[in-house]
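Listed next as structure tokens is one chain, alone, in the form predicted alone.
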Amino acid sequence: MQKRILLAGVFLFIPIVSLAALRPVFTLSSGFANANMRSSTSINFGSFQNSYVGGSHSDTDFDSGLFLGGEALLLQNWSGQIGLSYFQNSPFVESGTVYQFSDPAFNNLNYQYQIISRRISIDAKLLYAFCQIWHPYLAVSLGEAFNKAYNYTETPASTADVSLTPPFGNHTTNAFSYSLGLGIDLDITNHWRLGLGYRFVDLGSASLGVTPSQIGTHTISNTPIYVNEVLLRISFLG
């Protein structure tokens, strides 16, 4: 995976540095992130089995990050950026229902846990300049996500309902991540730009740790987490 990311970065980098010297770029980004999540599985506890059924839902939180790289002129009115970025979201919340003994009639518990994703990636942008100050762009990134699932809790539907199992542990999953985006930047001065953009991000999967009482290592995990983001950016260009 790391070789694939490195090679992609090299091939993106070559056409930029071969045409012009890079202009240093530092960008801060922050905005809303809407994640589509679902978890569903059954786990064996020896004498009985529980099913964990997550409802297909979305959760909106914040995503923020920084980019450090360079920009160079490619052709008339066209320029490119390439560099490294780091992003991290505020916790997404995953939730669902516990079917004790895998019987839908015993849906007396609701479960919930949180997911934080930290990503490191190679980012590239292709920008077009018009009216001297506007820069619509297309963007792509390739990298790795470190998805931490943690803080698992179960909530009884009534005081008569109790959990028969200890909570699942915290766990971090490493996953290949990519993003595709578009937007527009505006020159404020010769060195500062403001931007607004949309980005689709694939965070990969996330899973909890195990409980001491289960049989085997199978645990609650999410299908790939897809995120739609709207980001406000401010950039400094050297």
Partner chain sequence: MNKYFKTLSGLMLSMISVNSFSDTPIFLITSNTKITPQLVQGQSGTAIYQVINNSNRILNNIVLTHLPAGITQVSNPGPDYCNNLTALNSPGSLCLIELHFDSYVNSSLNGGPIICTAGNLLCSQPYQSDQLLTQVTPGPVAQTCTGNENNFSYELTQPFDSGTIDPGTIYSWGPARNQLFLSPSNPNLTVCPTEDPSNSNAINWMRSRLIAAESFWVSQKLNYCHHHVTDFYTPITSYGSPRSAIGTSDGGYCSNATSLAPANYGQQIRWNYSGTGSETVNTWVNQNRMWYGVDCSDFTSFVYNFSFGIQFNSDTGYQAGQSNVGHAQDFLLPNTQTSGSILGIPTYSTPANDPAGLLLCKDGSVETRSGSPNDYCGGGSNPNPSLNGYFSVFLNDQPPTSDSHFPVNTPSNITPAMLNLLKPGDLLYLAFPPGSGKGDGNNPTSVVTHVITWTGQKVGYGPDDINPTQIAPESICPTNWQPQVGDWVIIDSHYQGPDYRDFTSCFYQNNIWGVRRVIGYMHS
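Not measured: the values here are computed from a predicted model. Residue numbers count along the first chain shown, from 1.
If you look for the form predicted in complex with the partner chain, you will not find it shown, but the lines that follow are about it.
Peer 1: Candidate spot Tyr111, Gln114 and Thr155, all three in 4.5 Å heavy atom range of the partner chain in the model of the complex?
Peer 2: Verified in the model of the complex; spot residues all out of contact, no.
Peer 1: Partner absent here, but in the model of the complex, which of 201-209, 188-196, 40-48, 66-74 has residues with a heavy atom within 4.5 Å of the partner chain?
Peer 2: So the stretch in question is 40-48.
Peer 1: Heavy atom within 4.5 Å of the partner chain in the model of the complex: which of Gln100, Ser79, Asn89, Asn147 fits that? Just give me the one.
Peer 2: Result of the distance check: Gln100.
Peer 1: Here the chain is shown alone; which of Ser85, Ser95, Asn151, Thr165 has a heavy atom within 4.5 Å of the partner chain in the model of the complex?
Peer 2: Looking at the other structure, the residue within range turns out to be Thr165.
Peer 1: Can you tell me whether Ser58 touches the partner chain? I mean in the model of the complex, with a 4.5 angstroms heavy atom cut-off.
Peer 2: Contact check for Ser58: no, nothing within 4.5 Å of the partner chain in the model of the complex.
Peer 1: Using heavy atoms and a 4.5 Å limit, would one call Ser213 a contact residue for the partner chain in the model of the complex?
Peer 2: Heavy-atom contact with the partner chain at 4.5 Å: present for Ser213.
Peer 1: Does the partner chain get within 4.5 angstroms of any non-hydrogen atom of Ala105 in the model of the complex?
Peer 2: Contact check for Ala105: yes, within 4.5 Å of the partner chain in the model of the complex.
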